[in-house]
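Here you get one chain, nothing else, as structure tokens; it is the form predicted on its own.
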């Protein structure tokens, strides 16, 4: 089975990925800019997506900006930033109608490419600075977002787990940035950093859709033709050793406790054992049929939720559970028992086969969504390794019990983090 054909060509300072598919009735343009996580500029990178969506020199107000998208038959644009392993990735995504299905002479694709190029290269600016009013307003928006993390206890607990688990590592940096950095950022400094980013980040452009009769390799470079000097920095894949797991307990005014555990798998997307890690996690805590959900929530009624997921490019596995503060010791014990059972091979061939089906189905569902398809393909860029969706499915179906036991030998509990009610520490 072939999910999609990806044609990659090297352009002037970036890579162009052309994905021909008749599955989608729209065309998707995605631009990704990648740089190593860095404390000096993480807040600027968090702020930029908010500023860049507020206007260009051609469409200088928010209303004109949105109307331009409406005039492109309801095109959509989004910009965000995310942490992927030790990298920070800014993504521009635009979805437009495929002209094949419309009765109009308007060249939607070329107009959309011009619009996207303007957003990236011709943002609203005044004398080599962003618009001061926009930057001030969006700094407030980002400040509110940073503060809002504290109110979402699950997100806050996950952030604190990573703070403690990855202390001193780039991965501990907060993707939303830092409130104390906002004071030093102004319209001039932000613009200056953005020009540096456009020059130095590794850039990948994806075009996905029914592209027959379109010379994409000629069309895209006519809109993305700026001189670039990308810095290709080899990310250090640190494998931190820890003899004894850390245990962190913090209190807040809240009712439900958040018990999160962080494991180091020492396996990333580039490793041969990555497909086996997917199956390992599926049996352990990735699905409602997994050990965590069955044993922590269903059999012992200890958790409001209990699941696990892993980070593909950092090699970390996280367990999330919401519990009554008085159940801390018992819940932690049962979670650790489930991991011990995985390490000792306490699972059946039937569970392995079920996990394979669940992972492959989940993978296919992701591939059915244009953004999901691009994200999966971008794993290869992030990892600097080739593993196509077809190859991944093949490798998943070849995972054996011995492969899962090998995964178990690599996994180490690093940190137990418990966010509990005030006075809940007495139960720990």
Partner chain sequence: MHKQTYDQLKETVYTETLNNGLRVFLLPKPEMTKTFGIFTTDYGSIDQSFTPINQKEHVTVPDGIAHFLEHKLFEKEDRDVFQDFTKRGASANAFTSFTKTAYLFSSTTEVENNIETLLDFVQDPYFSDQSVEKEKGIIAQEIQMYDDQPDWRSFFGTLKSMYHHHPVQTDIAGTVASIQDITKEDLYTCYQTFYHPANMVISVAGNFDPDQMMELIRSNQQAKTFSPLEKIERSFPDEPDTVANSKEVLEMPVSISKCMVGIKENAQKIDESFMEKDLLADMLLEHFYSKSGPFYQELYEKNLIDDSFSFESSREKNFAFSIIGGNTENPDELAEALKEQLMSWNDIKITEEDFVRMKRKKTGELLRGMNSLENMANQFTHYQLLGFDYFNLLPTTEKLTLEAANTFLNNWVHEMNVSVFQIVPEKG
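The structure displayed is predicted, hence computed values, not measured ones. Numbering follows the first chain given and starts at 1.
Below, we turn to the form predicted in complex with the partner chain, even though it does not appear here.
Query raised in the report: Is residue 50 close to the partner chain in the model of the complex, meaning a heavy atom pair under 4.5 Å apart or at it?
Result: Heavy-atom contact with the partner chain at 4.5 Å: present for residue 50.
Requested in this report: Considering only heavy atoms, tell me if residue 230 and the partner chain come within 4.5 Å of each other in the model of the complex.
Outcome: Contact check for residue 230: no, nothing within 4.5 Å of the partner chain in the model of the complex.
Query raised in the report: So, in the model of the complex, is residue 297 in contact with the partner chain at a 4.5 angstroms heavy atom limit?
Result: Judged by the heavy-atom cut-off of 4.5 Å, residue 297 is in contact with the partner chain in the model of the complex.
**Report entry** 4.5 Å heavy atom contact, residue 364 to the partner chain in the model of the complex
**Finding:** Contact with the partner chain, yes.
Requested in this report: Scan 313, 93, 153, 264 and let me know which has any heavy atom within 4.5 Å of the partner chain in the model of the complex.
Outcome: When the partner chain is considered in the model of the complex, the option within 4.5 Å is 153.
Query raised in the report: Which one, 196, 100, 179, 225, lies within 4.5 Å of the partner chain in the model of the complex by heavy atoms?
Result: Contact check passes for 100.
**Report entry** Partner-proximal stretch of 164 to 172, 274 to 282, 332 to 340, 73 to 81 relative to the partner chain in the model of the complex, 4.5 angstroms, heavy atom
**Finding:** Only one stretch qualifies here: 73 to 81.
Query raised in the report: Though the partner is not shown here, which residues of 246 to 267 have a heavy atom within 4.5 Å of the partner chain in the model of the complex?
Result: Counting only heavy atoms within 4.5 Å of the partner chain in the model of the complex, the contacting residues of 246 to 267 are 253, 254, 255, 256, 258.
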